[in-house]
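Shown here is one chain on its own, the form predicted on its own, set out as structure tokens.
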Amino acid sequence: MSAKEIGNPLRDPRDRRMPRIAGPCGMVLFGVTGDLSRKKIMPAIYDLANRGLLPPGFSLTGFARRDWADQDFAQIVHDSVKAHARTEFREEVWQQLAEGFRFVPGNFDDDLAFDRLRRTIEELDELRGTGGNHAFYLAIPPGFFGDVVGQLNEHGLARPRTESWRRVVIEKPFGHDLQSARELQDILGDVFPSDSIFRIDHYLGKETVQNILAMRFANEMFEPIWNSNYVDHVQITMAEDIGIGGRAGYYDGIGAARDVIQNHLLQLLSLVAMEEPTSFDARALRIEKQKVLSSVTLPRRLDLTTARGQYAAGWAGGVKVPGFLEEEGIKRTSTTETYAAVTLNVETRRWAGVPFYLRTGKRLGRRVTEVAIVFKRAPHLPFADASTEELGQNALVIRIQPDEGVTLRFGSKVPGTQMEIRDVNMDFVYGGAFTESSPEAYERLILDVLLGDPPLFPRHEEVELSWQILDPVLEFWARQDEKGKAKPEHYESGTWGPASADAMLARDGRVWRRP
């Protein structure tokens, strides 16, 4: 019996309807004081326990540079759960979970601290029955990955005993270009085998992202028109209405393209454009996604097919907000983009001639992430021009957040005696169709880590292919900055980005959607 089946011995692993329950295990969390741990990871662990998906002896060990006792760490988790958990707080669930909390103080270069961590894990194996199965979650800046992984190796924490496992979890960014991504893989791969390295892209854990696969391959009505014969173009958007907040130290020098396009949006593109996999296991999905990413090309004229911008002062949510260069911690000469848009081609038989437009930005008109499949116009319209002047192109829009669902836009006759055609929407909304709320992405992803089930985690091959796509764009922008030819164009906060982005589509006779 595999580790993933322990705790649910009658489960058929092929039956995806049955709940998957993690076997005996624990997690070590580095970076427990950060926003990610407090707002996402700790609440997700409680929600999993509340849903009965964690083993009774699950343990959570915090590691940080704090002079805390176990009970201090438990209070931090308690406050985080109370503030951010999706499910209701139940005292009996909390008490059972809290019995497995431990805290180890220390720095990442502290040999004594990692020796204490080793002894703590051995104690948990004995007292909580975790069976030597432990995941190390590095919710820390990437610059410390090498230090922590090296210490785990040095102190024998990365090597499992027979019939047990050790896994490492890292958050983006997975490098800042192709070379650094390969260096990161070397650091991790020297200590952990590939199937024990889990790269978190939280977008892949969202129900609506997974619904792309369900909608495409479980419904015969879509697949026949999911190609260049019917699709005019595809728009993939991740818009935020907030600024950089307190992330100046991270964001300046990274920018929108590295932060979002290289991972989230290219992963969405691969799911939209991939061929049907033989199954939904990790290997089959990975093969099809890698085929797509390896077929992506950039147009020759990057000056005409990319756009970048920085938000300027303006109004957002009825509040006057500063521009990017006025944010605390940002250099006034910064050329870091807060908006990025690129045109990509997928050179396959299915998608030849269909441009994929990807865009992301901060301080835009509203918060929304969506994939829009925009279809070609009908070849013959037997209507007078005045009858169809309000008719646009048919579109299938998959809303990832915040209003999760699917919208189908098509033309319909306006009631009355005249033949007037106007766009209408047909909506599917998750909240209206299902009584159970969707789990948070981190619930699904953390459970998959503990189960050793990796379909939703990009492998290093996908990461490197994504950097191969984006690196030429970043290099082109950097050359423009050096020569003083162009800098990120300013756009007013609360609008939908720089004029150059609109011009990018206008050259192709198209316009951006206004969600």
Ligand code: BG6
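For every residue, the number given is its place in the sequence shown, counted from 1. It should be emphasised that the depicted structure is a prediction, and the values quoted were computed from it without experimental measurement.
Another form exists, predicted together with 6-O-phosphono-beta-D-glucopyranose (BG6); not displayed. Remarks below refer to it.
Using a 4.5 angstroms limit between non-hydrogen atoms, Phe217 is distant from 6-O-phosphono-beta-D-glucopyranose (BG6) in the predicted bound form.
In the predicted bound form, 6-O-phosphono-beta-D-glucopyranose (BG6) sits within 4.5 Å of a heavy atom belonging to Glu240.
At the 4.5 Å threshold, heavy atoms of Asn345 stay clear of 6-O-phosphono-beta-D-glucopyranose (BG6) in the predicted bound form, well away from it. The closest heavy atom approach of Arg128 to 6-O-phosphono-beta-D-glucopyranose (BG6) in the predicted bound form falls outside 4.5 Å. Of the residues Leu358, Val260, Met274, Val296, just one reaches 6-O-phosphono-beta-D-glucopyranose (BG6) in the predicted bound form with a heavy atom at 4.5 Å or closer; this is Val260. Proximity to 6-O-phosphono-beta-D-glucopyranose (BG6) in the predicted bound form, defined as a heavy atom within 4.5 Å, holds among Arg116, Lys172, Arg422, Arg366 only for Lys172. Between 260-268, 317-325, 103-111, 208-216, the stretch whose residues reach within 4.5 angstroms of 6-O-phosphono-beta-D-glucopyranose (BG6) in the predicted bound form through a non-hydrogen atom is 260-268.
Scanning 199-216 for heavy atoms within 4.5 Å of 6-O-phosphono-beta-D-glucopyranose (BG6) in the predicted bound form gives His202, Tyr203, Lys206 in sequence order.
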